[in-house]
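Starting off, we have a lone chain in the form predicted alone, written out as structure tokens.
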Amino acid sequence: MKLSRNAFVLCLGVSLLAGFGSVRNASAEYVIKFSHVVSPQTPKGKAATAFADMVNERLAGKVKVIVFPNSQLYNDNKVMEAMRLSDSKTSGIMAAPSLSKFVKFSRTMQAFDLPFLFNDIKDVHKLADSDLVARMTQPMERKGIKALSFWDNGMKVFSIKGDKPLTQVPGDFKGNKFRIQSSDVHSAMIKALGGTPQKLSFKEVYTSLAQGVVDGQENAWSNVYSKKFYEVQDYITVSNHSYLGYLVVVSKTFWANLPEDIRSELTAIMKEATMANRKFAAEADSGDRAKIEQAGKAKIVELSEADRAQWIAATKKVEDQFRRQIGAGLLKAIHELLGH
């Protein structure tokens, strides 16, 4: 059927308007790039995927989350710099770096790195779910970073390559180098235990262990398994000496620009993702340990109560060393919250 010239012009005008509408809708879509440095199969990786899936389903056409695992987009240091420099109101960067990465923005965050502050993961959740964390994360907002939630990996264990496990301090640590995160608290802890700390990025750990650049490392079970550290270590000591967790953060400018209804929905979804993360971490704590045991390459050694008491005594001075930086009042409030 042939159209008259006027009809053709009318149809063309409608098509162009529809096209402009599509462009306008596309430009109005909010995009979140979620960058992290670990495997998608870790508790953090699974939680990031769960968050993306829930957002993409419930806020389809409004918000899209794209996950970039294994440092595909940024490492933990670069992602926060990119986040701070970002001024986009429609495209936001989200990440979940380890807690030690935030010390340069808020020294109070060093509390999470303290050895033996937490008896178990329940103690961690008491602090993470309390009002005290607002005091710890508030300074970050002046740097363009908005804190959203704390995610678990788990309590940390020690591993080493050598002819005996780490049980006696300082004897078993002396003469050995241990990879640590970029944390002065971790450095002080290794020295207190008798070892030599070596700060290395996460992606360098396996190669450094395999080549003998460092003798051992500390990590949660999921990282020891997913990155196969157990293949190049002889012993793993179940010390549960400190917590390995993450803080989910987002570009402040982007977050503040979101419509209130979308921000509220994202906040609710983040709470669900956090509960899922805790479940994933608890499963990995036992499941990944079992897989390492089944592999039969690194021998797992339980730390006795007597040995644990020695470790606690040896590292007690670390809290005193960082009391002023963290804040004596805050530390007192944390201890009262935890009941010790």
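All values derive from a computational prediction rather than experimental measurement. Start at 1 and count along the sequence shown; that's the residue number.
What comes next is about the form predicted in complex with ligand LMR, which is not displayed.
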Choose one stretch from 83 to 91, 96 to 104, 256 to 264, 191 to 199: the one whose residues place a heavy atom within 4.5 angstroms of ligand LMR in the model of the complex.
-> 96 to 104
Answer with yes or no whether residue 76 is in contact with ligand LMR in the model of the complex, where contact means some heavy atom within 4.5 Å.
-> yes
Consider residue 108 of the chain shown here, and say whether it contacts ligand LMR in the model of the complex, taking contact as heavy atoms within 4.5 Å.
-> no
Touches ligand LMR in the model of the complex: residue 246 (any heavy atom, 4.5 Å) = yes
Taking the shortest heavy atom distance, is residue 67 within 4.5 Å of ligand LMR in the model of the complex?
-> no
Ligand LMR: the contacting residue among 38, 32, 298, 276 in the model of the complex [heavy atom, 4.5 Å] = 38
In the model of the complex, the residue from 240, 208, 219, 187 with a non-hydrogen atom within 4.5 Å of ligand LMR is 219
Scan 42 to 65 and write down, in order along the chain, each residue with a heavy atom lying within 4.5 Å of ligand LMR in the model of the complex.
-> 44
